[in-house]
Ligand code: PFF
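First, one chain by itself: the form predicted on its own, in structure tokens.
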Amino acid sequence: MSNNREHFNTQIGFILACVGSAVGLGNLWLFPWRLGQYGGAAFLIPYLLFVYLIGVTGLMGEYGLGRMTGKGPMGAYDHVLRKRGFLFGRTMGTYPVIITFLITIFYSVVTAWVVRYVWEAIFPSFLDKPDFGAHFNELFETSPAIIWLGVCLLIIGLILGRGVTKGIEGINRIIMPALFLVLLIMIVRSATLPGAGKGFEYLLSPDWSQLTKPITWAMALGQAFFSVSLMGAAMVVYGSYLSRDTDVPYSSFLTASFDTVAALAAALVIIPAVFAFGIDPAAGPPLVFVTMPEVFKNMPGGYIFSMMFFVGVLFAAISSLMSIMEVVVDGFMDQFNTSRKFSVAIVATLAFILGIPLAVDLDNLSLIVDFVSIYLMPIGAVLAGVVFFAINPISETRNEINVGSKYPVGKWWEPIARYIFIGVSLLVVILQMLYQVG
């Protein structure tokens, strides 16, 4: 690993940063809906199977690839492929960086919505709005949308400009515990609402017949795969900031576990509250920005809980956006040998300019989100798996992952990584393109 490479100070700081990367808006508006729609507690069987078999394996690979090379995707792929006589590693590694830049653009727009809602939720009059659906449409009014996008990118830019230890690790050590505390308080509040029991029944009563349907397993696979942020980008970069004594298998297990807990907690907050007031628990942005404000509007103490909820959503959005944008910043520094602060300023400025057409038009935003998430993102995880589990000798990969591990993985792990992970990754690509699940 490069001697001058920035690094995480502690393993817990690294884990919290990775949990922050994985715990995003998808945990809040997609997982609760899928859990209810595809068998309730029964859905957890394929979901947890895929999280711990595929997700943890992928995380070990991306952390290990980053730590072994001390570089982001471009440098990491180049390092591995050159050892095998291939000279196109940097070109291959450019793919996840470009895809992540596209994600940075649209995720900044969505995070800007959250920043605006947090600001509005500070004032009690926020819950007096007669129609939150109409208010959501106001997000796309030109001038306010551009201003809030700028505010969002300024916040992220200031954090990333402080570097790995003071910026990424420092902020995640604060907001991740705070997020879980908010979720815990909100779970208690939701559980005490009259009629909340129907929501818990909807979520947790198992419908075993759903396990006989291929769509249930496809949904569980897609949710598990992307829930832990596998795309050959953010986790490779975060892995490149690791010291040699960091326990990669343990860190991978904890990342997947905390992400799963956050997803379940979000479901236990949102669905019982929605059922308590007889509101449709639809998936997607309206669940957070339209449905939940309506819930708080009718809830005793709604002003306080509305504020807490949107602050928690902001923590989830910021932690994910930081990791996404850091990939692009790292790639810019690597390619052009520029300083961190200059690279952050350039990336944030480009994201702002290119994000304006998406910030003012929901149709444009939906189009690029679908195109990137359905057709482009899954390929990044396949590339990372092929590079580290197939092109790099698998025994060398296992040895690298085991460095610093208290409980190293054995040879049994090699076929799981080389064949099952890569095979399932390709399956996710096919499912995404054919059925648009994930």
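These numbers were taken from a predicted model, which means no experiment stands behind them. Each residue number is its position in the shown sequence, starting from 1.
Not on display, but discussed next: the form predicted together with the named molecule.
_Is it the case that Ser229, even though its partner is missing from this view, gets within 4.5 Å of the named molecule in the predicted bound form, heavy atoms only?_
Heavy-atom contact with the named molecule at 4.5 Å: present for Ser229.
*How about Ile324: is it within 4.5 Å of the named molecule in the predicted bound form, going by heavy atoms?*
Output for Ile324 is yes: heavy atoms within 4.5 Å of the named molecule.
*Looking at the partner-bound form in the predicted bound form, is Asn392 within 4.5 Å of the named molecule by any heavy atom?*
Judged by the heavy-atom cut-off of 4.5 Å, Asn392 is well away from the named molecule in the predicted bound form.
*According to a 4.5 angstroms non-hydrogen atom cut-off, is Ala17 in contact with the named molecule in the predicted bound form?*
Residue-level check for Ala17: no, no contact with the named molecule.
*Between the options Gly380, Gly26, Gly39, Pro46, which residue brings a heavy atom to within 4.5 Å of the named molecule in the predicted bound form?*
Result of the distance check: Gly26.
_Contact residue in the predicted bound form, chosen from Ile105, Ala234, Ala76, Ala359 - any heavy atom within 4.5 Å of the named molecule_ = Looking at Ile105, Ala234, Ala76, Ala359 one by one, just Ala234 meets the 4.5 Å heavy-atom criterion.
*Of the listed stretches (242-250, 272-280, 221-229, 146-154), which one has a non-hydrogen atom within 4.5 Å of the named molecule in the predicted bound form?*
This holds for exactly one stretch, 221-229.
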